[in-house]
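Encoded as structure tokens, the following chain is the form predicted on its own, with no partner shown.
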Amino acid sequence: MKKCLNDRVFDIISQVGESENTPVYVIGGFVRDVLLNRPSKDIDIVAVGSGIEIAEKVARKLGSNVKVSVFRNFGTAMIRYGDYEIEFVGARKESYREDSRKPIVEDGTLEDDQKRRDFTINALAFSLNKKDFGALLDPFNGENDLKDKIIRTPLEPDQTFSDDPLRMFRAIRFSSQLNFKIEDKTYQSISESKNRTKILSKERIVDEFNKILLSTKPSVGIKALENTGLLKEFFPELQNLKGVEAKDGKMHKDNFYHTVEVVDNVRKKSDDLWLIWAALLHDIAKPKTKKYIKDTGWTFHGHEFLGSKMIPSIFKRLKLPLNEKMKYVQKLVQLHLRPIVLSQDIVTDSAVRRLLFDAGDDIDDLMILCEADITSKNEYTIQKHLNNFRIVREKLVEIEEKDALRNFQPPISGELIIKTFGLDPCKTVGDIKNAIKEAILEGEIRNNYQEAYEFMIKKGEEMGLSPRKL
């Protein structure tokens, strides 16, 4: 253990603790990650005394350029040193009111501090004290739980989750990130305590949910949220995707399990959180558009358009950013069937131009989403679609090189049309401008000024306009 603590910063913290007669320990995630051989730069220091005073004295010893950020309301202080972000706090014990996740805090011992931790694997501590420097302090057998890949609470899980319901989401998040199993009693308690999540802010929940989405296999966490009932509590639209219906012997697929498979497929290719959100929401409107048509079967016509319209209200309720990130997700959801249609039919240059025009710089992300959306159990079907997508990608490259349609800017402006034909601003100007765009998208002319100008003159004459001599 001592090898991982041979950095200068731990030596100085130890020296300060010794000189101040204040026991000091590294606790929580850093210890867990060291034992798992995972990189970690976030260090939590517990002092059996004033964490703020220890932080200030450590900072002075580290050098004049090391600054301390003090948060007196929380009794904590933080310093940045090299790649490390180090938070200092005094050992404490906590009690909770029924209607709040904010604790009543009192000074406590190291054991009190370990008891208030969420899981046994996060209650581990290394001593930084001279007499037993590097010793592992493990009152709840967290080291064994690490070896057995188990998520378990140090106290009774009902008490742990009632005190701070966010810990239920954290249990699932750690399970998803670390590929650990949540111990049965702890898992059962999550299901039974799910109503306590009503006292949580959406920001805190979504912060944990985003970490689940960025784990290597997000479906592990999403399915656990659904199985425990937590998903229904905070994200009913996603919960509503679950289930199948049969009529006249015809069934549709379970859109919940399809969606989590698509999310996993996207995560294999990208760590872009908002592309993963687009995968999560791509079929979100299917329950609202589901219809059974005799001799045809189940249909979900228009789910991409309605889904795009649902996104602002979902983002607003979940306190997600109502900015360009949201618009990006809306765009991908609305367009996610377009490449699939192209992959099923003869790929025309015109259709590819229109897709490039509408997708712009997001075309590559759209293609990742569409390829991820092929979740058939039939290997032949998958290969057929993927081969067709390869043709679409080749066409996209070919046409983009020739026509430069990403983030299309018209080669002829409205001002030039007005000036050329001596017009006032009017509908005719827009009609000519749109005709030029359509001619480019249909491949009648190339996307350059000269061909667009000649087309403009011809189109104007067809409309009874004569170019002025300039």
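If you're wondering where the values come from, they're calculated on a predicted model, not measured in any experiment. Start at 1 and count along the sequence shown; that's the residue number.
One more form of this protein exists, namely the form predicted together with cytidine-5'-triphosphate; it is left out here, but the text below deals with it.
Between cytidine-5'-triphosphate and the residues Asn122, Asn255, Gln334, Thr228, the one pair within 4.5 Å by heavy atoms in the model of the complex involves Asn122. Contact annotation: of the candidates Asp373, Asp362, Asp264, Asp164, the single residue with a non-hydrogen atom within 4.5 angstroms of cytidine-5'-triphosphate in the model of the complex is Asp164. Comparing 440 to 448, 56 to 64, 23 to 31, 423 to 431 against cytidine-5'-triphosphate in the model of the complex, the single stretch with non-hydrogen atoms within 4.5 angstroms of it is 23 to 31.
Of the heavy atoms in Trp277, none are within 4.5 Å of cytidine-5'-triphosphate in the model of the complex. Remark: Arg196 does not count among the residues lining cytidine-5'-triphosphate in the model of the complex, judged by a heavy atom distance of 4.5 Å or less.
Although the partner is absent here, Arg173 sits close enough that one of its heavy atoms falls within 4.5 Å of cytidine-5'-triphosphate in the model of the complex.
At the 4.5 Å threshold, heavy atoms of Asp118 reach cytidine-5'-triphosphate in the model of the complex. Residues from 43 to 61 that approach cytidine-5'-triphosphate in the model of the complex with a non-hydrogen atom within 4.5 Å are limited to Asp44.
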